[in-house]
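A single chain comes next, written as structure tokens; it is the form predicted alone.
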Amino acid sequence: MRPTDTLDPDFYHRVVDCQWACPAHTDVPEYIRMIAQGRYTDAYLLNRASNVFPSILGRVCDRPCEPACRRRRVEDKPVAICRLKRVTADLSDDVRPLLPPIPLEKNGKRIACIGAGCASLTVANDLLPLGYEVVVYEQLDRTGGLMRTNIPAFRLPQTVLDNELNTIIDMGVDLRLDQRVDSLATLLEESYDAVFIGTGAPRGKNLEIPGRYESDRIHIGIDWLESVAFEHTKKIGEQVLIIGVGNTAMDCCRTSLRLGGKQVKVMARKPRGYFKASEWELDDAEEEQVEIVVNHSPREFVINDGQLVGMQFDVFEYHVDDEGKLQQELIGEEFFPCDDVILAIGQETAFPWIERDIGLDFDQWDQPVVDRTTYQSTRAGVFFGGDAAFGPENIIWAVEHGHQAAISIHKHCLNEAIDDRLPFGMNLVSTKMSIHEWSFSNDYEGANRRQMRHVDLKERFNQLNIEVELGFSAEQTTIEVERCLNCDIQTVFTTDLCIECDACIDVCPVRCLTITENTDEPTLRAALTVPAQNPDQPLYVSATLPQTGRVMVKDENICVHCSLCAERCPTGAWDMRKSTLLIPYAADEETATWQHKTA
């Protein structure tokens, strides 16, 4: 194998699995260390630089970072990354005075954002400090989009949502509530230099089976949640069936309990291993006594004398065939009585207000054709992001779309190529304080993951908007931050200093180091002290060692960043260095442009 190019930011970035998995690439280990030091405001600002909404995401993020957490290499449960993000928000000072200043003199460019959700507000957040005028159109009388209408207040309090959204609005957004855009062609005739479309996926999928239109007690999930959020719906029947088993279904079933539901069942077509809902969402629903019924597929709504009385389901057994595909076998049918049914089987985008003759192409699924790097449509100057771009995702993806679209909008307004973008960069700084001391805690914390505190089950149903999760206590936070393995503190090797004494190999607790003859990657992986079985994790391979011509190989998959190799090395060939991924945003493109123009 060739020597590893550790100057490529992607190599060390891939070692920081949580940051690699996060769509916005939030520097998770660094903000956790800031929390450990009591630097809550700094930790919040570090979060906000990439994910923009730490208070919101600390409660409702889909947490792609946690399944990737390297803590799972040594035990089942990852670090509670999302809940620690909430700690930064709960304990930070007011950050508004610390945000980038908004210039009084504007740059003469006006941007229209359609929809006041997370993607549009991320665009505004990135462009306002550069002197842009940003106009946000919202058809409702409040901001937040699906964050407000589809996430119940017992998970995301309105005060938390308002505070974080208003931080951006108060930067100078020209907010136009109760103004629905009915024609993109008409909007494009106005004096906007670019348009960003962040309208989400506002249409819930229907279930076209017999009886669907014979009762008004059959509801579309996201529409029903919106009606509850705006207090148009205040009650529901005692027996409720939720069709579907995604996160929206979990919100629907838990909300039903708070509106009078006594027997609430979630009906799933497939076995539990195929559910779309997050594990923690399922746990919270089942804690509240929601019953999840598996392997039942809706057949028809049963209507008697114009009244919904129940649903008939086909019952299946499932097995995995020799090719690993899930196969189903019909074994019977079953009737479930109910007063109401809520359909939570998915969401779709909807663009009836976009004309099809303005140079903006749609694909065979009536989805806009959008470039996945620039987020520009086939019409120059029109950009998409969030669920509106590629269909339903989650908030953190929408934020990343907003960042990338803001870069494109900025370059578009400068008449520059929008696909000519700054690459990621990297800083690598030694953490050594003395021979055996480091500027981070490298003791291994053996504690299990802390459990989130909840409002007592008897109390949480007294009001619809009681926030169920209480956040971590100070003691819980102190323990949980120490569970982080500091995966961004990299073991950096200097080949010329190695004397091949094997001290690092002897002291390594996980046996991730090997000195061996170089060969092709499959053979080398098999020849390591502990064979490297995970091809998705990189190997570090040094240049030729000066003593024997062999190479030092490190399996990044099993290293726990304990620093013992660097402490034991007599020549300092190993060092522990903090790798910081440098992520370009619209402001960085501005700086690069300025430097280029003045060079």
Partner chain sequence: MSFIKKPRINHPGLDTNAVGLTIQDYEGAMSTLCAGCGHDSVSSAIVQAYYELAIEPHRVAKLSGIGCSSKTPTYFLRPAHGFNSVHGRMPSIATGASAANRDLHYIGISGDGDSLSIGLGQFCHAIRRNVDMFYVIENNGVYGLTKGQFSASADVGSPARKGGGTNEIPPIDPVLTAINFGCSFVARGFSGDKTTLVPLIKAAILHRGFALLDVISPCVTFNDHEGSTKSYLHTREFEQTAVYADFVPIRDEITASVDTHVTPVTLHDGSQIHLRTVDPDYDPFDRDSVVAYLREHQNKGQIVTGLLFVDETAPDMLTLSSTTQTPLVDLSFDTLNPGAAALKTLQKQWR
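What you see is a predicted model; the values in this text were computed from it and never measured. Residue numbers count along the first chain shown, from 1.
Keep in mind the form predicted in complex with its partner chain is missing from the figure; the text below concerns it.
Engineer: Its partner chain isn't shown here, but in the predicted bound form which of D42, E30, E556, E567 has a heavy atom within 4.5 Å of it?
Structural biologist: Exactly one listed residue reaches within 4.5 Å, namely E567.
Engineer: Though its partner chain is not shown, can you say which of A229, C508, L161, V195 has a heavy atom within 4.5 Å of it in the predicted bound form?
Structural biologist: Contact with its partner chain in the predicted bound form is made by C508 alone.
Engineer: Quick check on V302: any heavy atom within 4.5 Å of its partner chain in the predicted bound form?
Structural biologist: Although its partner chain is absent here, V302 would stay clear of it in the predicted bound form, with no heavy atoms inside 4.5 Å.
Engineer: Would you check, heavy atoms only and a 4.5 Å threshold, whether E355 touches its partner chain in the predicted bound form?
Structural biologist: Looking in the predicted bound form, residue contacts with its partner chain do not include E355, since no heavy atom lies within 4.5 Å.
Engineer: Report whether the minimum heavy atom distance between W280 and its partner chain in the predicted bound form is within 4.5 Å.
Structural biologist: No, W280 sits far enough from its partner chain in the predicted bound form that none of its heavy atoms falls within 4.5 Å.
Engineer: V530 versus its partner chain, in the predicted bound form: is there a non-hydrogen atom within 4.5 Å?
Structural biologist: V530 belongs to the contact set for its partner chain.
Engineer: Is its partner chain in the predicted bound form near all of R73, R550 and V560, within 4.5 Å of a heavy atom of each?
Structural biologist: Yes, the whole candidate spot contacts its partner chain.
Engineer: Heavy atoms within 4.5 Å of its partner chain in the predicted bound form: which stretch in 249 to 257, 285 to 293, 229 to 237, 508 to 516 meets that?
Structural biologist: Contact criterion met by 508 to 516 only.
Engineer: Given a 4.5 Å distance limit between heavy atoms, list every residue of 484 to 505 close to its partner chain in the predicted bound form, or none if there are none.
Structural biologist: I499, E500, C501, D502, A503, in sequence order.
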